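Below sits a lone chain in structure tokens, taken as the form predicted on its own.
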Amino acid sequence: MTLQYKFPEGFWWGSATSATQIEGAANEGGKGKNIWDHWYEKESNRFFENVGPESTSDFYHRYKEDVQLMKQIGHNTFRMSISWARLIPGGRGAVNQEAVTFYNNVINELLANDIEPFVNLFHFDMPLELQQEGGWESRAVVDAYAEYAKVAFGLFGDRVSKWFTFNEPIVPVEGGYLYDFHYPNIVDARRAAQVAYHTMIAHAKAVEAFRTFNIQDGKIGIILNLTPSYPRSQNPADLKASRIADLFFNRSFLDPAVLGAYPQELINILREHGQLPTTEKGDSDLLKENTADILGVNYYQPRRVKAKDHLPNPYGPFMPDWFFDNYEMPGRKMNPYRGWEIYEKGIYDIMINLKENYGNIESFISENGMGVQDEERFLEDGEIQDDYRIDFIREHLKWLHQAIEEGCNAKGYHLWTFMDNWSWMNAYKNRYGFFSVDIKTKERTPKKSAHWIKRVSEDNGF
């Protein structure tokens, strides 16, 4: 069999997940509370079918079985996150030895099965006590994060060489401070800008700390959900709308993380509308000197925008949406279950942009995937026939392959996610995994896509 799409030697095949979404054991093992535990206690009605983060997919107790399954389907890499509230309950001070044992066991189990762990430090899960101090609005919380990062590097850096500071840092900004889909449910763009800015300062401080540790082959980066902003037309008004959407949702993190500075046009817009964050002396040097070594790219869907149809309400709160409207392109291809457009070429456009404008930084697809509701509909002979997921992955991989052929520095592909996991407000509504999880029994069962990815990974192509 000749492979039409062959990937470079050593290509990273794997999947990604996060602590709060799979570990469970929310009140076990000495773990402190995070904002999700708290919000669920307060307003469980806001979570799909009232399902909270207490037990999720129970990775805490089943990690050995799960790592075996990863190995069986050809994973050579796996991205996980550390729960800050588990490692350092309350976010500051004493390290929880039960958590150290757990993460050591997981890392060692992965390595014993020839799976390289990629470790991310923060995935939307602020310790509750630190959120009560103001979360990322607070400079003191930034310093606490830098200390937490040092603890993690010291504990696990002898075996983990690839580290990430944040996953999708724009999401807590949008969810928590603009559009009310994450705790603390604030709608205030100036505070949103402060949260975004402090997140980048926290990132730079962690990078700076990382470089003082002598981690063999050590690389540190950040994981950004890059969503190309496509204009409705080449009309100057539509082009401007797409450029500003790109500034707010992509370049607000991509530029400081990779280039070490913010785009001037974004600064000008925020200044003009009185939304600039508070900064400190030395911050710009800190950002400039501590750029990412590696970039994880999460890509699910494109953003299509057009010039505003109506002027924004002058009495309403400032929003990025003052500068553009979302545009539904006629005839677009859809994932009907999630309401998201499927546009595989977006993955190529992102990579070309990184090559042309961001020094061709070493990168990989750190998340890509397809959420589908009620997957039991596709059950045949005990196996979910998720051909739609196989098609989705294959068509994205073709475009990623094209980008690599054209010289893009893309090193791997991770699906979101290994097994169905709990997804914030959506809980278990949409399933993304190679393995299905029975919420009651926690039993894992491979889907058709699990057998497919095993072959792709073993052949290093298809």
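Not measured: the values here are computed from a predicted model. In case it trips you up, residue 1 is the first one in the sequence shown, and so on.
One more form of this protein exists, namely the form predicted in complex with 6-O-phosphono-beta-D-galactopyranose; it is left out here, but the text below deals with it.
With the partner omitted here, the residue from 59, 416, 36, 435 that has a non-hydrogen atom within 4.5 angstroms of 6-O-phosphono-beta-D-galactopyranose in the predicted bound form is 416. Scanning 367, 386, 238, 125 against 6-O-phosphono-beta-D-galactopyranose in the predicted bound form with a 4.5 Å heavy atom cut-off leaves one residue, 367. Stretch 417-425 is the answer when you ask which of 417-425, 28-36, 64-72, 395-403 has residues with heavy atoms within 4.5 Å of 6-O-phosphono-beta-D-galactopyranose in the predicted bound form. Shown here without its partner, the chain carries 81, 165 and 213, none of which come within 4.5 Å of 6-O-phosphono-beta-D-galactopyranose in the predicted bound form through any heavy atom. Residue contact check for residue 20: none of its heavy atoms lie within 4.5 Å of 6-O-phosphono-beta-D-galactopyranose in the predicted bound form. In the predicted bound form, residue 300 approaches 6-O-phosphono-beta-D-galactopyranose with a heavy atom inside 4.5 Å.
Mapping the unseen interface onto this chain, residue 322 falls outside it, with no heavy atom inside 4.5 Å of 6-O-phosphono-beta-D-galactopyranose in the predicted bound form. 6-O-phosphono-beta-D-galactopyranose is not shown here, but in the predicted bound form it comes within 4.5 Å of a heavy atom of residue 340.
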